[in-house]
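Have a look below at one chain only, the form predicted on its own, in structure tokens format.
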């Protein structure tokens, strides 16, 4: 199988869907490109479970699943019920099998996926915003509004990484400059996870980066 991620067919998603679901943009395509550059490494660890948190349209996990094939289980979660439904439709449209769960982060699945995740992908709501902009009743706002430093959601995930990742697991995180890469890596280092930048790109006023984290063996 080629080490190339083809952009999934999204022709089934309507403009009305995008009123409630994040439309793929520069950040989505940067994550796809970053994962494509990592395919040889990902294949080498022989993953059995890949998880995407905040799947949105499903473009990223579907693309990864099409590339890696059926030897791996694919799990996606999104707090937005509209996004969960669209992700499922994207998987079906592209003939891949995803298990889609509508929940906040890994919520109810934590005990089930304890130290089981080999590949974790997260393109979080990273835009720094005032807390008042985070409207729980607005599915679209939840997809981009990140609170103080854009870190409100990702900071909740970091303590869970040692609990859900397998010993050889890898965690891919998309951030912007304002999220403070150095501080994120410092936080993750406290959990014995080492971070590095694998791809970066300027997109309008945003400077995007994809970080890769691996567990530091003691």
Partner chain sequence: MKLLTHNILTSKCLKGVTVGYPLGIVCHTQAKEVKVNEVEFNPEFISRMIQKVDWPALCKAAENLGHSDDLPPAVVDDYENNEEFLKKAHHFLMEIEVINGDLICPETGRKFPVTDGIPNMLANEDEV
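Residue numbers count along the first chain shown, from 1. Everything numeric in this text was worked out from a predicted model, so none of it was measured.
Although not depicted, the form predicted in complex with its partner chain is the subject of the following passage.
- Exactly one listed residue, out of 91, 75, 145, 120, brings a non-hydrogen atom to within 4.5 Å of its partner chain in the predicted complex: 75.
- Of the candidates 30, 160, 187, 49, 49 is the one whose heavy atoms come within 4.5 Å of its partner chain in the predicted complex; the others do not.
- Shown alone here, residue 102 lies within 4.5 Å of its partner chain in the predicted complex, counting heavy atoms only.
- Residue contact with its partner chain in the predicted complex: residue 79 places a heavy atom within 4.5 Å of it.
- Contact between residue 70 and its partner chain in the predicted complex is found at the 4.5 Å heavy atom cutoff.
- Contact check for residue 109: a heavy atom falls within 4.5 Å of its partner chain in the predicted complex.
- When contacts are defined as a non-hydrogen atom within 4.5 Å, all of 84, 97 and 113 contact its partner chain in the predicted complex.
- Contacts with its partner chain in the predicted complex, taken as any heavy atom within 4.5 Å, map to no residue of 131-165.
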